[in-house]
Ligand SMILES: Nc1ncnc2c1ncn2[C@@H]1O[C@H](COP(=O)(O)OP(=O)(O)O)[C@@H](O)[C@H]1O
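The chain that follows stands alone, in the form predicted on its own, written as structure tokens.
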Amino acid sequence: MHRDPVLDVRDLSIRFRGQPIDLIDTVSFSIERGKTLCLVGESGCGKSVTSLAIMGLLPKRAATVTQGAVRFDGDDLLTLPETRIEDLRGNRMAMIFQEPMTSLNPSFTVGHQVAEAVRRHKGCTPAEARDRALEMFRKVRMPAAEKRLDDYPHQMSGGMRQRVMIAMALANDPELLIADEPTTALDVTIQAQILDLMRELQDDTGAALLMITHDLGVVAEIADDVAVMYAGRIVESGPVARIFDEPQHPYTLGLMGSMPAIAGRQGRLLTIPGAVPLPASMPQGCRFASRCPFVQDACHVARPALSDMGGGQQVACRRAPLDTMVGAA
């Protein structure tokens, strides 16, 4: 049965001051309650900018939303007053950032910071807020949870600080959780623990999760759906099984060819030549054209539209469906 999405992003475009084009260009995706969408792509593709726009955290003097809508539970966040956004942020919608040391205040204990997030939105007493912080520390399996409430961020390991960020984000039972590369700075063992923890807590709360990552291993572990972003555009999207089994965009093929578990079938790792184009030199047509092994003359002229490939999969490539898989790239 179809349910209305918790988050519905439609044709979102963002331009930074002094740039000749929209760096985020007509991006669309949606997430239902209890589901996880992974937004995937290289560094510089626009994933984090998109998440900041959703949360209302883009620097207003530097960036402008030129078109589109970001509907959260039916309300367009782009048109709400700042006071309404502040009431939603950290309450019904929350974000986990990539590096907790730059997100946590070094001058306050971690328990105080989680408790303040609760008090800001729930209006409870300091004692009740501290009790909730302790409850969340136990939920995220913080070692010696009660003692850790009075630690400062610098007294904790990277994995512990990330657990604090998850506890803070989930303390008010949000309906939408955005996680921006939450495991990148952690070693593999701790990374697996954090992903397991996020899955478990999402199952408990039914929150919609937007996971931003460049790691397809993380995608395979946690995603229901995938949106592949390149140079500010969604180039392929669909259910995770479809994307992994039948990738159709050359960029998706390149990303998957760089994964040892997949490339191992071909006996070698693949690379994508070149780099994400700078705004001043962004191609007129397909933004991936200069790096694409299947490029045609028409690719440099006109932007390919997202086409329906069936099974919920969409791809923006005039060569789709591709009958040549990872090994040919």
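Bear in mind the structure is a predicted one, so any value in this text is a computation, not a measurement. Each residue number is its position in the shown sequence, starting from 1.
The same protein has a further form, the form predicted together with this ligand, not shown here; the description that follows concerns it.
Self-check item: Option from 287-295, 300-308, 54-62, 28-36 whose residues, in the predicted bound form, bring a heavy atom within 4.5 Å of this ligand
Solution: That would be 54-62.
Exercise. Using the partner position in the predicted bound form, report whether G44 sits within 4.5 Å of this ligand, counting heavy atoms only.
Key: G44: yes, in contact with this ligand in the predicted bound form.
Quiz item: Is there a heavy atom of I272 lying 4.5 Å or less from a heavy atom of this ligand in the predicted bound form?
Solution: Although this ligand is absent here, I272 would stay clear of it in the predicted bound form, with no heavy atoms inside 4.5 Å.
Quiz prompt | Heavy atom of T66 within 4.5 Å of this ligand in the predicted bound form | solution = Result no; T66 lies far from this ligand in the predicted bound form.
Exercise. Spell out, yes or no, whether the shortest heavy atom distance between V9 and this ligand in the predicted bound form is within 4.5 Å.
Key: Heavy-atom contact with this ligand at 4.5 Å: absent for V9.
Self-check item: Heavy atom within 4.5 Å of this ligand in the predicted bound form - qualifying residues of 5-40
Solution: Contacting residues: F16, Q19, L23.
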